[in-house]
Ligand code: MLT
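First, one chain by itself: the form predicted on its own, in structure tokens.
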């Protein structure tokens, strides 16, 4: 009998799928790297979200492992190259959390424009800061979307009812432009200069360097805000903190960080930054979808030798 480990918290629909298919499953979360190294030789399959980092040492110990499924889109927490060398297929679940992440990005946009966190905090304190809090409307603004996969495309539709001008910086959009007549593909510099809101929805750079630093931030409108619900290293956090403090840009709403879980960060306590703990995919609906997809993918590899959404 095949045996699978679920090492991150996810919907119990995943273990139910394995039980229904006759695959033994253990759910053990919060494992350290060494603890995972100690037990991984027992397993044929592994399901993770973002908390587990699948390192080269873990893969070296995984002598039976055939498949890893990431219940989500990003796989930067998995050493995909080493997995491939070891004959382990790595899969993700694209589309499973598309709407959830796009809606969170939209919520961050509105929270930043209307200063919702500050308004909430001060009202709870009985301060009634109505005269001091003046928001900005989304209507008629220019939204720049960097990266135009499923999430970026979904966000472009979510804002369509606000008469927003949508700019996109995406190499892949040229071949799909006819599908998205409501957006305009521009250069990165044009997007930086023209956008009132810039939302990141692309992949991290292969070399791990931030896509945006202080030089880029200086090209933006002083009234602009940055939204990042993609990857933590898309924007240099130190440069972003400086840009907020110096008034180069007006605000930022960040859901992802260079180091997670973020127990400390240069952006903490910056009044111009709204911060959430990587909640993009954290909805009841998305958690069920990605867990179901990941479980079925691993089961298909083990029982049918069928590989779906392979990323390595």
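Residue numbers count along the first chain shown, from 1. All values reported here derive from a predicted model rather than from experimental measurement.
Below, we refer to the form predicted together with D-malate, which is not included among the displayed structures.
Could you tell me which of 56 to 64, 34 to 42, 243 to 251, 273 to 281 sits within 4.5 Å of D-malate in the model of the complex, going by non-hydrogen atoms?
Single hit among the candidates: 273 to 281.
Among the candidate residues 78, 225, 108, 73, which is the single one with a non-hydrogen atom no more than 4.5 Å from D-malate in the model of the complex?
Spelling it out, the residue with a heavy atom inside the cut-off is 73.
With D-malate left out of view, which of 199, 170, 97, 195 would have a heavy atom within 4.5 Å of it in the model of the complex?
Comparing distances to D-malate in the model of the complex, the residue within 4.5 Å is 97.
Give a yes/no on whether residue 231 approaches D-malate to within 4.5 Å in the model of the complex, heavy atoms considered.
Because a heavy atom of residue 231 falls inside 4.5 Å of D-malate in the model of the complex, the answer is yes.
4.5 Å heavy atom contact, residue 258 to D-malate in the model of the complex
Outside the cut-off, so no.
Can you work out whether residue 265 and D-malate are in contact in the model of the complex, taking contact to mean some heavy atom pair no more than 4.5 Å apart?
Close contact is absent here: in the model of the complex, residue 265 is far from D-malate, nothing within 4.5 Å, heavy atoms only.
Listed by sequence position, which residues of 44 to 71 have a non-hydrogen atom within 4.5 angstroms of D-malate in the model of the complex?
If the 4.5 Å heavy-atom criterion is applied to D-malate in the model of the complex, 44 to 71 yields 49, 50, 70.
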